[in-house]
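In the form predicted on its own, a lone chain appears below as structure tokens.
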């Protein structure tokens, strides 16, 4: 099928670029002796997860219990929830999964430990636990060595919980466009997670996992000593945020296919893809809602729920019915707006995959 036959808006994935991105990250992590545990919140797709596992990933990372449920149903055997699971109902659902797969979760408070331990006891299972450390993002995670020590001692008192190690999300690296600033932030984050890891390992008297996770930090963190695992997510697709940080645009595999619906007399045209197709993310220094592939001078200046407005400035004026491809600002939020990925080679649709965990936010 030619892409012109698709109903729009449609989510496209360039199969060749996707395969290359998956292999590149697998090679990067293995060459530095790190385990790869990719975050599936970016794509939420069982078929894509299977590709990542086939390329050498040791397991997967999920953001929510509902995502983990979908992926275990799809064949995942080792899942880490890189998040706090708070509440008896959610903790019980997670513990029930441990009868079918190796399940671990993040904690950063004593309350989180208690929810996990209670659910594990009720289901008569063992849950792996990773202590989250805030290394600069300013979100979740322990922030002092004393907090880490208190938490690991609390965990050691719970026989149904097994301490696996420490983890962080160095997402604050997105703030730095300069590679030197980003490298400095990555060095600082690596040092903090190593310090916390040393404390936890000393309390346990055993080696532990030291896990980090972000796509913009992947290349910088891969070479850091003392880290054992990496959890990038966006690398499979790429997006305009990644390009802002130096990624080559030709490696971006994800785009939204849209149809031109109107051409106005003031140098603009309208497409049938808006916020419900692309999400509302915008770059800090860019007001565009996306980039029109192969049309760098066109500007995506306005978006409402079902419409996008693009300035063409009299250059290459399209006609109603013409198709355009838009590279989204943020792949993760864009994908969650859709139900299917259309795999393409050139302009030919070669497969269609379900976004199985679409809408799984609980």
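Positions refer to the first chain, counted from 1. All of these numbers come straight from a predicted model, not from anything done at the bench.
This protein has a second form, the form predicted in complex with a small molecule, left out of what is shown; the following refers to that one.
Asker: So, residue 139 and the small molecule: in the model of the complex, are they within 4.5 Å at any heavy atom pair?
Answerer: Taking the distances in the model of the complex, the answer for residue 139 is yes, it comes within 4.5 Å of the small molecule.
Asker: Hey, in the model of the complex, does residue 215 get a heavy atom within 4.5 angstroms of the small molecule?
Answerer: Taking the distances in the model of the complex, the answer for residue 215 is yes, it comes within 4.5 Å of the small molecule.
Asker: Contact with the small molecule in the model of the complex for residue 240, defined as at least one heavy atom pair within 4.5 Å: yes or no?
Answerer: Judged by the heavy-atom cut-off of 4.5 Å, residue 240 is well away from the small molecule in the model of the complex.
Asker: With the partner left out here, check for me: in the model of the complex, does some heavy atom of residue 234 sit within 4.5 Å of the small molecule?
Answerer: Result yes; residue 234 sits at the interface with the small molecule in the model of the complex.
Asker: Which one of these stretches, 65-73, 38-46, 318-326, 305-313, sits within 4.5 Å of the small molecule in the model of the complex when only heavy atoms are counted?
Answerer: The contacting stretch is 38-46.
Asker: Just give me the single entry in 82, 148, 129, 98 that has a non-hydrogen atom within 4.5 angstroms of the small molecule in the model of the complex.
Answerer: Only one option qualifies, and that one is 82.
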